[in-house]
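Next up: just one chain, as structure tokens, the form predicted alone.
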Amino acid sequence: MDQVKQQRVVNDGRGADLFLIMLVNYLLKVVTLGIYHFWAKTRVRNYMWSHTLIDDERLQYTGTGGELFVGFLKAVGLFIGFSISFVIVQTIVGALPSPLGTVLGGILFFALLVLLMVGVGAVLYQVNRYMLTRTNYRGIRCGLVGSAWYYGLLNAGLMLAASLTLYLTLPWARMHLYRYSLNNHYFGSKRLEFEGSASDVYGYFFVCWLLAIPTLGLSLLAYRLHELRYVASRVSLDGVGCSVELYFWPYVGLLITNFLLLVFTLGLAYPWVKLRNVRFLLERVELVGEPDYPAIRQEMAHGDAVGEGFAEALDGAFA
């Protein structure tokens, strides 16, 4: 019987190299009054991707700083247009007599709140699409199909429903989001497959939910790691399975030591901390099996950087 192949996932980057890249990036951002930020982010991604290996083959990042900059300008233009439209509508509503103006004002505020919730999810999805379409492995590009706005609507609706149940339905909501997103991931012409059910994790979640207040929320972190292990175990790509061995105490230890490193070095250890985080995850990832690379076609279209532009416009909150 043929032995199933296990693929190693590692990162061989060096903290000193990354520190030098970030130092030069900082100086160039100062000289260019921050404009170099987009090229700086691309340089870091190029380094991190090129030093990540799956079965001794390196990833490749093909995004450019110019794409991020143009995406940022587009996002700012859309944001300004939306703001102007809001001010005009608010002015018209404010001029209406009560109670009509009050009612319409309330409707407008609610509509904007819903749009914001939907928009956050859409931005996250579009950022993910851009990152995937700029990631190559063995000359094959990754991709993400589906609608960012539909994902945003789905995310807003499910999270609202979860909040109304004191988050007791959170596993059900999250599994729906995972199902839509992961089943739209592609590696060339091969689609990722996710088969998971909230019922498999609900018992663990309920115990963590009960312990949330006594543990100051730490039990919810334990559930999050359990959920990630479960999701990874239910994902496959062309016969390749995955497992992620993330557990609570090792992860807490990583967070504490990272915090101490940053404090005692006044932040200078950030490049080493970034690499520690990546290696902590990759060392716990195991891929079992090997796809039929010659049979995988290159079919994914490139995603647009507008989603990243919105993330940058919001101070990188979603990047």
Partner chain sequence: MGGALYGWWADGQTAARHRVEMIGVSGGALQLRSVDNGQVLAELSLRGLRLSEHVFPGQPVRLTHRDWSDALLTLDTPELLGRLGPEAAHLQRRYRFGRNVGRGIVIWGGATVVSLVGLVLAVPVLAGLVAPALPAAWTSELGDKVVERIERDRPACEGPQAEAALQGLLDRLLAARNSDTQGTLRVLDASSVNAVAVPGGHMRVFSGLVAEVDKPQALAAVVAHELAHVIKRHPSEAAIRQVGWRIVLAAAIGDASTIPQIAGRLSTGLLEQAYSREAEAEADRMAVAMLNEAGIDSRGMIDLFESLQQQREVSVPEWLSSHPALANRIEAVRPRVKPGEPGMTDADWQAVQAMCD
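These numbers were taken from a predicted model, which means no experiment stands behind them. Positions refer to the first chain, counted from 1.
If you look for the form predicted in complex with the partner chain, you will not find it shown, but the lines that follow are about it.
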Please pick out the stretch from 281-289, 39-47, 249-257, 66-74 that is in contact with the partner chain in the predicted complex, where contact means heavy atoms within 4.5 Å. 39-47
Full three-residue contact with the partner chain in the predicted complex, heavy atom 4.5 Å, for 59, 138 and 187: yes
Indicate whether the partner chain has at least one heavy atom within 4.5 Å of a heavy atom of residue 270 in the predicted complex. no
Can you check whether residue 51 is within 4.5 Å of the partner chain in the predicted complex, heavy atom basis? yes
Taking the shortest heavy atom distance, is residue 24 within 4.5 Å of the partner chain in the predicted complex? yes
Report yes if any heavy atom of residue 9 sits within 4.5 Å of a heavy atom of the partner chain in the predicted complex; otherwise report no. no
